[in-house]
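Presented as structure tokens, the chain that follows is alone, the form predicted alone.
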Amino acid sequence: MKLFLPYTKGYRLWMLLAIICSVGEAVLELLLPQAMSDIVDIGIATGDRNYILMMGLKMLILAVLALLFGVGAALAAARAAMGFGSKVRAAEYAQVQRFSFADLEHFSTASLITRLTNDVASVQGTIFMATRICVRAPVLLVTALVLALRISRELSRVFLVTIPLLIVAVAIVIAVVGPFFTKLQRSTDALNLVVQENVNAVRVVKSFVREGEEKEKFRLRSEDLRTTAERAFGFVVSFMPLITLLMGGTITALMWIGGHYVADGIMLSGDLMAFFTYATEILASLMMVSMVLMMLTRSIACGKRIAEVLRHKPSMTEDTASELTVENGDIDFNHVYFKYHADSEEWNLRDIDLHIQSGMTVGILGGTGSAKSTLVSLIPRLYDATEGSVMVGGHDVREYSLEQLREGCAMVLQKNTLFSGTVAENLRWGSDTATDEELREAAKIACAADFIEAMPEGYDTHIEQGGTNVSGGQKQRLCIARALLRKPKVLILDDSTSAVDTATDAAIREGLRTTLPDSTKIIIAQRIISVMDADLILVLDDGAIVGQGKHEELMETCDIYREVYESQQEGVEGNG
């Protein structure tokens, strides 16, 4: 509650209004049975038509006022609950934005989506119900019980049996159903994960003709969710017949005992009618409270999951950050060691001691799993070094705010991502103030201008979600152009020209050399021809640098480099 209380700020007056309106609605509803009793016992008994009409008009006014209070309570509660949910969702999303890659892997994307949508919706739904019912029901219960006692204490003894039985039944159901709601949310996570993977990798699924297997995987996850939901809500539904039985038994007992009281002259028939109404209100109030408590059980499970995200301390903090900006592209790795998981026995990077001067072009080669991408990911702090330090522009990367560091470092990842919107909107991710001329210049350097201008609407052509209406090579070039617009001090291309031909690759590298002479350019590549003219070439193997220097030096000193070069040359000659 302490964690969520701040998110009610700005909506507390609406909550108060909902409470006031709910109390007013309950009180007015409870005045109606007494007015009805007076009509029967006084108006009908004496034959006073004017009294009957007056009391009937009074009941109509009370009913209209109760309706208005009810509408007001519903509107105010909805405003408070939806506003609260919106704030919690925004806070949770902002927290996710602060997460490092390691934090995202800890929760999983599918689970975070569930927590941001399904879990928040459950909590805000409970807030709405609680604001309305948890005020209205107790008022109805207490007031109706007092009025019932005023009419007949003897007849009210029936509640001494009914209410304890109802409380025991609710307690049992809540105790049983609680763990199922927690499992229900986990099953929802698992189902969302399958959907997310299949939608994102739909081309892979179709190309490997795996639709049948993936449908079966989805069916199993869906079946697990259905089974869990059935068991959870089954207990809740099974509670309803018990409620009906208790209500029916109570009314029967009241009719039997109350009928004898009226026949014996101990009680007036109008009072008995009013008592029946109050008894119904008492039982209905108990049932409403019971349902809210059951909803609260699920909401608590969801709230705990949301709290896990909000309370999670990001593994990457800015505690030592200052107002520094990246002044140049100098990069230093000082005996850096890194592993993704603290309890892992193997290092992903081992004793990386490297010094790169601003303006240099650096090529990185290595086999699959040699930690090339891991190495460059430490520069913009996508991960933090486990041991040692990484310096950019003469300062430890931890001394920069993440925003300033990443403003100075542009990175084109292996997995190129475009967003739904126009070509121009995607390019302006690099700089939202870029002019049309700057867009064209960046596209020209990235060898993207020709195919953009050939599109139906040029730079205003709409890009589908994920860039599905452009080829892999076009996507790569658009991402490079986007990075160039940032005018970074450090530009990292993580195998970002793998889908273009060698001529285009060479043209892009030439464009980078002439337009970004003072920026450090780091190029991860599989083809040696892509980095042969680099100022420095690094060869990685199993997380360690096994060779560094220019092409000629490595041909003499690094066996791995020479073997890769010769195998690629043989491939070129064979194709020729």
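All residue numbers refer to positions in the sequence shown, first residue = 1. Keep in mind that this is a model prediction, so the values were computed, not measured.
What comes next is about the form predicted together with a small molecule, which does not appear here.
- Taken together, the three residues Gly369, Ser373 and Gln526 all lie with some non-hydrogen atom within 4.5 angstroms of the small molecule in the predicted complex.
- Exactly one of the stretches 440-448, 273-281, 74-82, 340-348 approaches the small molecule in the predicted complex with heavy atoms within 4.5 Å, and it is 340-348.
- Only one of Phe181, Tyr261, Tyr383, Phe333 lies close to the small molecule in the predicted complex, with a heavy atom inside 4.5 Å, and it is Tyr383.
- For the candidate set Glu213, Asp432, Glu105, Glu323, a heavy atom within 4.5 Å of the small molecule in the predicted complex is found for exactly one residue, namely Glu105.
- Taking non-hydrogen atoms only, Thr422 never approaches the small molecule to within 4.5 angstroms in the predicted complex.
- For the chain shown alone, Gln414 is a contact residue for the small molecule in the predicted complex, at least one non-hydrogen atom being within 4.5 angstroms.
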